[in-house]
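Okay, here we've got a single chain as structure tokens, the form predicted on its own, with questions on binding and movement later.
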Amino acid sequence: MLFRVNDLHVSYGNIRAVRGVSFEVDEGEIVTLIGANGAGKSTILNTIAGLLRPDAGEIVYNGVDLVPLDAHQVVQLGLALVPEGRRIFGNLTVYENLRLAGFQLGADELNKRIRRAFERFPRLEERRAQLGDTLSGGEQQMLAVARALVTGGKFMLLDEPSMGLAPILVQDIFEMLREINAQGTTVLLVEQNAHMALKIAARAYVLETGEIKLSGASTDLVRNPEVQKAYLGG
């Protein structure tokens, strides 16, 4: 087991957003959290990434307790968050966005990682001097993922990568995630597009109002009548 969350509780003031959530991710897996808006999915990712502090619970990555760590310390351990809405720097070029992602690296290592990112995403290399705001939605999502790769993360946290994208681009993004996973990156995916999430992930957890209601192999959950009715249009 590479990663586990145990009895996690997170609040926004008096609002309890996450209530006693527990799950695990094995090295090399793609695991997805699915659920409706407000179920607590993004809150969980932001708490793992060190952007929020939990009220209680454990978050352990590779034997290290993440709860007391700040966000930059979490990144240094090898976790990389691709946030909801991409959140690239629109007034910076593609190249500048990638350089900023690796600001803590030496020049040689940073250049090597940027070259690898461009090899992974040739379209970004073609647009290396283009401002982030002028990229298409799909290109911005590629840049957000490339930025995470430049940090060197081996455990990627992805928050709604298909949001706002045309169906054909959604297919491209999920195929890209398959390839990244095949090259050794473990993925925890938050996604409202349950069809695609369950297709790509080995296992899934279904969140409702801050609690896990169902879990299991994705192939089993696809056939579950509750999941079909609530998330798959069945």
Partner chain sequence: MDATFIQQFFNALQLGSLYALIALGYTMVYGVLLLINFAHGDIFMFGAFMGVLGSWVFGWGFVPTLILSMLATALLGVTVERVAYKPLRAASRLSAVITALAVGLLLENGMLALTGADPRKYPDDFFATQVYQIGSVSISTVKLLVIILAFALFVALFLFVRRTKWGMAMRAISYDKFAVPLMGVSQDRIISLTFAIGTGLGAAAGILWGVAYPASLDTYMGMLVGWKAFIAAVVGGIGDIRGAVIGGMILGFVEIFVPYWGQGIGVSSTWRDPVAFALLLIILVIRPTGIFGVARRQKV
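What you are looking at is a predicted structure, and each value in this text was computed from that prediction instead of being measured. Numbering follows the first chain given and starts at 1.
Separately, the form predicted in complex with its partner chain exists; it is not shown, and the next lines address it.
Put simply, of 154, 87, 116, 123 only one has a heavy atom within 4.5 Å of its partner chain in the predicted complex, and it is 87. Annotated contacts: 1, 27 and 192 are all free of its partner chain in the predicted complex [non-hydrogen atom within 4.5 angstroms].
For the chain shown alone, residue 147 is a contact residue for its partner chain in the predicted complex, at least one non-hydrogen atom being within 4.5 angstroms.
Put simply, residue 177 is far from its partner chain in the predicted complex: not one heavy atom of it is within 4.5 Å. Contact between residue 60 and its partner chain in the predicted complex is not found at the 4.5 Å heavy atom cutoff. Proximity of residue 75 to its partner chain in the predicted complex: non-hydrogen atoms within 4.5 Å are present. With the partner left out here, its partner chain still marks one of 64-72, 31-39, 201-209, 177-185 in the predicted complex; by a 4.5 Å heavy atom cut-off that stretch is 64-72. In the predicted complex, the residues of 98-128 lying within 4.5 Å of its partner chain by at least one heavy atom are, in order, 99, 100, 101, 103, 104.
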